Structure formats: C-alpha cells, structure tokens
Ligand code: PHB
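Take a look at this single chain, the form predicted on its own, given in structure tokens.
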C-alpha cells in the first residue's frame, strides 16, 4: 500500500505544488523537488535544478512522451507505453532500484499530459523559454515566480504532411513568416535549388535547402519531421548546450551529423551504467541501439539528422528479442 503523500504548502516562492498519483512536485527559487513512496512507508526525495527540469518537461509535452524512456536525469523520468505513460523514480538507476528506493506508477496519457502542462504553465517564468539555448534565455528560470511565458510553451508545432515547401504543407521558414536566421548560423547560405519539373508534375517535384531551413530554427533539441516514407521519418534538428533528457531507446535510432560536433554519453538503458562516449563530427553516421540511453553535448549550435522508424510494432519486436538491439553485426 502506498504511503499517504506529504502535505505541502499551496505555494512555495509563488509556485504551486502538484500531485500525480503518489508523486508530488514542488519548486522554489532554484530547484524542483519530487517525492515518491518507498519501502517502509517512507518517502524518497529527489532534487533537480529548475531550468533542467523545465527543459526536460517541455520535451515530454512537445514529443507526446516520445519513444521509450525520457530520463530527466539519472533518477527521475517517464516511459511511453503508447496510450499510457509510466512515471518513475529510480527505476532505471541500479543503485536506487536495488536498494528499494525506486517507484513506478502508470497513468492514462491524457491525465498525465494535462498535469505536466499545468506545471509548465505555472513554473515557467516570463523571459524563460524551455526550448531555447541558455544563452538566449539567461537566468529567467530562477527566482520567485514572475509572470509566465505561455507563448513559448504553447507554441504551435507545424507537422509536416509533405516535404516542406510543397503545396499542402507548411511554408519554409523565412523572414516573411517570422523565423530569422539564428545567430550561430549567420554563415549558412540561404540560396534555394532551382526546380525544373515536367509539365503536370509541378506540384509533385520539389527540393529545398535543408541547411537554410535549419538555420532558422528557433528551438534546440526538438526534431521536426521533414520527410515521411511509410514508417521512415527524417527528423532534423539543431542542438546547442545539453540535450535536456537522457533518452532511453525502445528502437534503433540513426544519427547523421550535418554540421559541427556533438559529444554523446551512452549508458545502459536499464541500469544507467556508462557504456561508451562518442564524438560525432560533421559527416559522421551512428546507430543508437535499442538497449541504450544517450545524452548529447554540443558546445556550438549544430545540425543533426535523426532517422526514426515509426513502425508501431517495432517495440514488441525488440522486447521479444525478435530483433537484436543493434542494426548490424560485424
């Protein structure tokens, strides 16, 4: 039986306190504190820097809990069960789990999503954008509650139905629709390819400058789909500073480094033990296996293409060992 939740004050430093099942979430000027029940009727407490927590939570909202495991840090996170979502404390940390300090609880996805959107709305201050690089937001995440930034956390994600620029899809990013060139990509050429289509195929043949497209991205570590071929998705993104989550894969992901460099820390998905450290430079290609967790570090804003397999059956194929966790045997 779960221990009853502690009673928290209604607000701390002007921020509301929230509960989801047996989890409690509170924040102050600098930190977010999460608690959950553990053996012996006690409660485990875990603390995360407020800006790191909000950046991770923003991705959980924007990605719909993403594929597999979204670790906010080595202790707390969520796991997508596709229709339901598991919140966990210490489950994928062998020290917590082996010592009876881990806890998991499963919620209907709409219930969990509603709660974390409420947290974002209350805890994100004016001037702080959880999607932006720290250099672009300063220290606005900290201090007593001051205003909000609903425009940032509710920004409309434009889903790609066809290649960007084709009729029936969203327009390419450009000055005329509010996406200026990012400060880090001022040297990226903006010229577009010439398209010469045979008569009758003008609405079917298209090309665009992907580097120019990405140079106008106003978010970091947030893949946007630019092509769909059955279950094959090309999801390019721009990266700066630290990937706000440690992503535990439930399928193989392919990474193509388009510019600059990203350093990746690779851990075992189930235990959190370090397995590798990978430096990817422009032109490098890597497969991230289905049994690892990874977190990236980019000292300069870079461009990365993530190639995803969106087959809804693939998770069962990996879980049942029908597929090995890696794509190639050498």
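Only a predicted model underlies this, so the values are computations on that prediction, with no experimental measurement involved. Residue numbers count along the first chain shown, from 1.
There is another form of this protein, the form predicted together with ligand PHB, and it is not shown here; the text below is about that form.
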Exactly one of 107, 208, 255, 241 has a non-hydrogen atom within 4.5 Å of ligand PHB in the predicted complex; which residue is it? 255
Which residue among 56, 290, 34, 304 has a heavy atom within 4.5 angstroms of ligand PHB in the predicted complex? 304
Given ligand PHB in the predicted complex, answer whether the residues 74, 88 and 269 all have a heavy atom inside 4.5 Å of it. no
Is there a heavy atom of residue 247 lying 4.5 Å or less from a heavy atom of ligand PHB in the predicted complex? yes
I'd like to know whether residue 264 contacts ligand PHB in the predicted complex, with contact meaning heavy atoms within 4.5 angstroms. yes
Consider residue 165 of the chain shown here, and say whether it contacts ligand PHB in the predicted complex, taking contact as heavy atoms within 4.5 Å. no
Exercise: residue 92 in contact with ligand PHB in the predicted complex, heavy atom 4.5 Å: no
Which of 41-49, 59-67, 24-32, 272-280 lies within 4.5 Å of ligand PHB in the predicted complex, heavy atoms considered? The stretch 59-67
Residues in 220-238 with any heavy atom within 4.5 Å of ligand PHB in the predicted complex: 221, 222, 223, 237
